[in-house]
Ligand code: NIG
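In the block that follows, a single chain appears as structure tokens, in the form predicted on its own.
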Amino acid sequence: MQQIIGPFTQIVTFKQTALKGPLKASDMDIVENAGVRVDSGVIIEVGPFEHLTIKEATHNVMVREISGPHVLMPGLIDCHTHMVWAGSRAADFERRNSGLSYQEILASGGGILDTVKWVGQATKEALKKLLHQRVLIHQSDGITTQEIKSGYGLDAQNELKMLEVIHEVNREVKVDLIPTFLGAHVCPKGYERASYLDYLLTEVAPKAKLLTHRADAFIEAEAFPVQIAQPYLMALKNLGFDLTLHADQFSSGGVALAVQMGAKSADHLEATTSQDIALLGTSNTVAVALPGASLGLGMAFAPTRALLDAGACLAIASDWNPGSAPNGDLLAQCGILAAHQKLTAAETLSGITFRAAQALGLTDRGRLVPQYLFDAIAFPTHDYREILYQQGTLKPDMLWKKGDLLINSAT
């Protein structure tokens, strides 16, 4: 059955908002006192609520009236997370605040390698339960699609275990989970880096391909330098994987490799150079900023203002993980990033909707326009500017996924 939902004080549609470059408020294509007509989870029409209800008065349509001021926008898309983990890295946070660097902790056998140990000890059912809990937290924050990486396994058994956890939980929840194979996160003990990547290609990647079409690698001197990673990534591409890269978090080089490989996105970018910024501005590789990692590690934000001004497609993601980005609150991170980098609401919100969808290769969500999925969230406010202004404290009180109302706490 079709349904008409409204009226909303404002609907942020992003109907014709550009995929790349800087944006201003008028680019958001906001419709006021409007509603949405939905059929089988897909948007049919967006327009004045009065027009929609009069037009369909004689048809068999369910009308859901919204009371009080509300702003409707596309459901949020978190395009970079590490949400499958066990254990805690609170000790890492304390050690960093006592003067040790992320790299020093990793070199000592801590950091990511601690999480690898705990994931290896955890059962699949335990990891599924933890992921379920985190997905529900994300859902309450307005996230309707989230990418989730492996990378805390580092061997065939546990990398595949993580991907299976994502795959199985995706079948149990209403929101969408997009898995990514990150076997090349760091090199485990007992391997040379090149031989470990060979092991991933022969023993893990073919089986991982049955569970995901996406692959990632951490491009850093302490993880996998460009010259070692490049042939591995080419081999993954030849196996049919879409690529995304952890790039330029602590040093440059990853962005150029991402563009060279035709990667969907280059993520992190805290250490990216002016040359890399120009490269992303003229490429089809999405620049993904991860403010949660900057907050967790106490380091500079990615140069998002410069990236936009250079013409890049900028997405923003939470990087939710137990080590460098334990916060997980995407809206709070966006509000803080926008203030520091002087991003408009249009630039920030597009970075967690249709531009984030682009980083995942998804073309059916992130805008509220005909033929797109009705993945949407509504905030109890009369003004879209309140969403980022309140830096994560204003939460959506309604959430729809493919037309199904999953959250309704509106009074």
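The numbering used is simple: start at 1 and walk along the sequence shown. On a predicted model such as this, the values are computed, not experimentally measured, just so you know.
Below, we turn to the form predicted in complex with N-(iminomethyl)-L-glutamic acid (NIG), even though it does not appear here.
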Decide whether H185 counts as a contact residue for N-(iminomethyl)-L-glutamic acid (NIG) in the predicted bound form under a heavy atom distance cut-off of 4.5 Å.
yes
Considering only heavy atoms, tell me if E147 and N-(iminomethyl)-L-glutamic acid (NIG) come within 4.5 Å of each other in the predicted bound form.
no
Interface membership of I112, N-(iminomethyl)-L-glutamic acid (NIG) in the predicted bound form, 4.5 Å heavy atom rule:
yes
Is there a non-hydrogen atom of H138 within 4.5 angstroms of a non-hydrogen atom of N-(iminomethyl)-L-glutamic acid (NIG) in the predicted bound form?
no
In the predicted bound form, the residue from P179, G335, G323, P291 that sits within 4.5 Å of N-(iminomethyl)-L-glutamic acid (NIG) by heavy atoms
G323
Given a 4.5 Å cut-off on heavy atoms, tell me which of 171-179, 76-84, 202-210, 118-126 is the interface stretch with N-(iminomethyl)-L-glutamic acid (NIG) in the predicted bound form.
76-84
Please tell me whether the candidate spot formed by Y102, F218 and H246 is one where all three residues come within 4.5 Å of N-(iminomethyl)-L-glutamic acid (NIG) in the predicted bound form (heavy atoms).
yes
Taking heavy atoms and a 4.5 Å limit, what residues of 125-163 are near N-(iminomethyl)-L-glutamic acid (NIG) in the predicted bound form?
Y152
